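In structure tokens, one chain follows: the form predicted on its own.
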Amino acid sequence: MRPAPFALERYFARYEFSAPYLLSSSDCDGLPMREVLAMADDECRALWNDLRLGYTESLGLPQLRGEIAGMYEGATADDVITGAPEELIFVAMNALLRPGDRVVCTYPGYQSLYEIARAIGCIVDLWQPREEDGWRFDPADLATMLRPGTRLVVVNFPHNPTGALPTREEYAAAITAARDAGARAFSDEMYRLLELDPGDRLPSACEVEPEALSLSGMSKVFGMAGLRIGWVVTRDAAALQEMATFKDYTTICSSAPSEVLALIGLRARTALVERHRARIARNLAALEAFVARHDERFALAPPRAGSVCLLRLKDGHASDFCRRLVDKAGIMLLPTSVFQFGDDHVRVGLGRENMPDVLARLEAVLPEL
């Protein structure tokens, strides 16, 4: 298989470490190592101090898998496989799909969620939201896409890049429709726990359907993207075994230091999540105030969850705007052309502490753009 070039990652490769100011990052600020180690309990401190840099268990550190399982109702450590989040998407798709299978995927979105299935030879239908309805994904639209041979329904809620979040009723309708069509749900939940209102939080797909696969990790919610640790949770033992068998041909196992650091972060997750949710709320307020001051140029359908949202440029030409902005002011914004989703929007990241300062810098140069 040879997937199409990953447009978003190529764009970030060009600007992420050269542009002084990032306004489109999807993660929360990375934690410094000293802070992570200061959060360690006695068990984790001993694991870290006694760590040997050998191979690790292919499914993941047992204590880490147990901690992950504790975040999902009805799950046990035996229901968890760890790896880099991108790797686990690749592994799951290759383990579960065959050429000619049908796949439905939320769109726009992280390109791996649909491009890997295409590269395998699957027929992929894209479930798109309505901007005029707050980027709502209508379950009735999904129902029309479910046909004989649909093997996988890929959903991403909270949604990247729009910040959309269905109601519990809409979410249940989507999961039920997939099950009734004989399809398995693959749920990208990388932004789950970052709801603006925790009361809006959806259950994990693996809690609702035994055959569903739920993907998450340390990158977005916990501010530990550099660990490259994620996980899939499913109560389908056969699917988990197929993933484990395929993973023998990718990384085999994860980094030993990363696993221990991830365990420390997860055991301190309540404080980390609250810190990041509060920052996102502050940054969203700053963005809404910016849009109100410049409503002749921008429009915003406010996000309900996650650390990203889409800002509409009323005159379009987002790619040109982003190019001029990075050249003029060193500010990186992400145009929706990298999602192959028109050229009228930019993705704004809400998870960084310096976001209001970068937004002010944008505002200062706006008359020159």
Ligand SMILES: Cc1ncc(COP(=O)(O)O)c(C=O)c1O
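Numbers for residues come from their place in the sequence shown, where the first is 1. Nothing here was measured: the structure is a model prediction, and the numbers come from that model.
Although not depicted, the form predicted in complex with the named molecule is the subject of the following passage.
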| query | finding |
| --- | --- |
| Candidate spot 85, 190 and 220, all three touching the named molecule in the predicted bound form (heavy atom, 4.5 Å) | yes |
| Residue 72: touches the named molecule in the predicted bound form, heavy atom cutoff 4.5 angstroms | no |
| Proximity of residue 206 to the named molecule in the predicted bound form, heavy atoms at 4.5 Å | no |
| 4.5 Å heavy atom contact, residue 26 to the named molecule in the predicted bound form | yes |
| Any non-hydrogen atom of residue 89 within 4.5 angstroms of the named molecule in the predicted bound form | yes |
| Per-stretch contact check against the named molecule in the predicted bound form, the hit in 284 to 292, 127 to 135, 257 to 265, 152 to 160 (non-hydrogen atom, 4.5 angstroms) | 152 to 160 |
| In the predicted bound form, the residue from 276, 235, 247, 228 that sits within 4.5 Å of the named molecule by heavy atoms | 228 |
